[in-house]
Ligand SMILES: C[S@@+](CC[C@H](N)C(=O)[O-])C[C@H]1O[C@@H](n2cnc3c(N)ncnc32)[C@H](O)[C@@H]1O
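Single chain ahead, by itself, as structure tokens, in the form predicted alone.
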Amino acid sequence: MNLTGGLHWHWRAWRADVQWAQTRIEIENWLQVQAIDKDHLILIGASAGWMMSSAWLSRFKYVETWDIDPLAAPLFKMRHGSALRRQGVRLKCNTGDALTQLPMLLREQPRAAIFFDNVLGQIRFQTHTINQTENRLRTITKALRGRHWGSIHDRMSGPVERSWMTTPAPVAHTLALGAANEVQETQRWLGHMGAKSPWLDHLTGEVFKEGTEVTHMAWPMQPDYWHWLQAGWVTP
């Protein structure tokens, strides 16, 4: 099941330009303050770069994207290619499953920074059980030990009260991740977004280790169905 690919997805993302604007700005603001001392970026789950900033991508000398959707590469080049060329950034767009090939990519590109663009939260839909999802996420994060890497992903998602469909999304919030504030933070965000049952846990609560500074953002993906995004960056 591919929730972020195909013609229907790209049409929806194009139509939602205004609706997603605040989330896109918050993602850019978060990315711009990350201290990433790398020239090469591997962007996994890039899609067409709908939520990415050309300005942030231009901080690198070489950007390499991966996505299983065959439409992602040409649309990413269409959206960001000209801006990156003007800044002298080399861009290579690959079509394939980078999660499966991750160990090989890490070996071949030992100095690249890795960024997962709204892909780790989708693993929930690619496995049959909760245990399989959690095990696959643990395998991915274990492989990344000693690397500069970051991720923005779905933490939870679900329907919102009708009155919230025209309410501005809550602003981004940064905190140090820890079991002590997990329940409080969950209640805070679900309350801020006017969540109504049932909400789906994307099982990404342990992608980042306790103590990692993470930023939470609201993404009104559809007027009546919102996502709670979690973003973090890990340095060795």
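Heads up: residue numbers just count along the shown sequence, starting at 1. Keep in mind that what you see is a predicted model, and the values were worked out from it rather than measured.
Omitted from view is the form predicted together with this ligand, to which the following refers.
The partner is absent here; in the predicted bound form, the one residue of W189, W50, F60, W30 having a heavy atom within 4.5 Å of this ligand is W50. Only one of the listed residues (T141, Q122, T133, Q109) places a non-hydrogen atom within 4.5 angstroms of this ligand in the predicted bound form, and that residue is Q122. Contact annotation: S82 falls outside 4.5 Å of this ligand in the predicted bound form, judged by heavy atom distances. Though the partner is left out of this view, N118 does reach within 4.5 Å of this ligand in the predicted bound form, counting heavy atoms only. Not displayed here, this ligand is kept clear of Q87 by more than 4.5 Å at the level of heavy atoms in the predicted bound form. This ligand is not drawn, but in the predicted bound form it has no heavy atom within 4.5 Å of I36. Residues are counted as partner-facing when one of their heavy atoms sits within 4.5 Å of this ligand in the predicted bound form; in 51 to 81 these are M51, M52, W66, D67, I68, D69, in sequence order.
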